[in-house]
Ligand SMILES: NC(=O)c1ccc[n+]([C@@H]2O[C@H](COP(=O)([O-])OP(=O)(O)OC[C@H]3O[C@@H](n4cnc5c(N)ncnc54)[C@H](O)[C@@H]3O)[C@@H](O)[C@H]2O)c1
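The data below hold one chain only, encoded as structure tokens and taken in the form predicted on its own.
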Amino acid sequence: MSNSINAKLKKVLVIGLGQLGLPVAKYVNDKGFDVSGYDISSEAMIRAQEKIGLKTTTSFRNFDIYIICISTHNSSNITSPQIEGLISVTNKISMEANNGSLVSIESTIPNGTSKKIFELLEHRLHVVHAPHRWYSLDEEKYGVNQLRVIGGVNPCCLKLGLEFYAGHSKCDTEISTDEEILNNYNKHENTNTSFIETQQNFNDSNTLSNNNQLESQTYIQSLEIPMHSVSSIEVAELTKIIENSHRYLQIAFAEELYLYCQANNILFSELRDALNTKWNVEILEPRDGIGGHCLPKDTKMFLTSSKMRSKILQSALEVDTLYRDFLTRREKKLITSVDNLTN
């Protein structure tokens, strides 16, 4: 018998079938799992059926794994974070899911959200956060199966998540002892027999693994994605929003450098080419401002993740506003010039 606690976890529900969820569902399906999809939009579900032949459902019952890929931005302002949709989905999972199932949050979320989700699930389900790094413009190189970061609310959550994503439960970080894990769960009134049985399976698998280190590398049906595990789920949450905040800074610096060149009569493209000849310098090309929803939204998530005010990120927001204002003025000036010529 396999020592894996996910040996029977085969049915997967991908929640959210948009730009990220659709390729995730396709990838999971290609790996041989029994996959269904759900989206609040009936049009999105029809598109998933037609495009990748995905089964769709409105019921969350009888699934072993839930992958959440929903948007976390305000529908009326895509640059502002909002998790109401995530909370709504979690409540539905809580009402319909079997105890001990795995919930993987791939959506980008504010720091501390995963544990809130765990609370809403009454500590009955395993919760991990494995933020995506998928890039639509180069899916071949930056697709679903690139190196990912993963964190779990508890060590047994992380173990199960690693087995599902990577095919093994080897952690990059030290995990708690079995006694510590059980003590943690016994603190909660809502802990039930089914979840304790799942935890016992985890303990049994650890015992087998300690007897034979090769057991942890036994093949388990998985997504075969390389994973970097972290010691706390908060680190996984922060990793994603800081990655995008760093990108925001890089673009904002390029925008400010462009404005500097305009003010000092210097050709930006020539200066950029010269700077980028150095091996550790990469000046980006500013375009129409820092657009889309990911970078602005995730930068705001990071700004609100700490009581310490980030002066450099706040300045980056101001730089992007100045750059956009410059582009607007330049466009108006160009339109005026064209109008004068035609008149």
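Note that residue numbering follows the sequence shown and begins at 1. Small disclaimer: the values here were computed from a predicted structure and weren't measured.
Heads up, the form predicted in complex with the ligand isn't pictured, but that's what we're talking about next.
Looking at 50 to 58, 283 to 291, 33 to 41, 312 to 320, the stretch with residues near the ligand in the model of the complex, meaning non-hydrogen atoms within 4.5 angstroms, turns out to be 33 to 41. For the candidate set 85, 110, 167, 155, a heavy atom within 4.5 Å of the ligand in the model of the complex is found for exactly one residue, namely 85. With the partner removed from view, the residue among 121, 89, 225, 249 that has a non-hydrogen atom within 4.5 Å of the ligand in the model of the complex turns out to be 89.
For the chain shown alone, residue 328 is not a contact residue for the ligand in the model of the complex, no non-hydrogen atom being within 4.5 angstroms.
Using a 4.5 Å cutoff between non-hydrogen atoms, residue 258 does not count as a contact of the ligand in the model of the complex. When contacts are judged by a 4.5 Å heavy atom cut-off, residue 72 counts as touching the ligand in the model of the complex. Mapping the unseen interface onto this chain, residue 300 falls outside it, with no heavy atom inside 4.5 Å of the ligand in the model of the complex. Of the residues in 14 to 35, those that come within 4.5 Å of the ligand in the model of the complex through at least one heavy atom are, in sequence order, 15, 16, 17, 18, 19, 20, 21.
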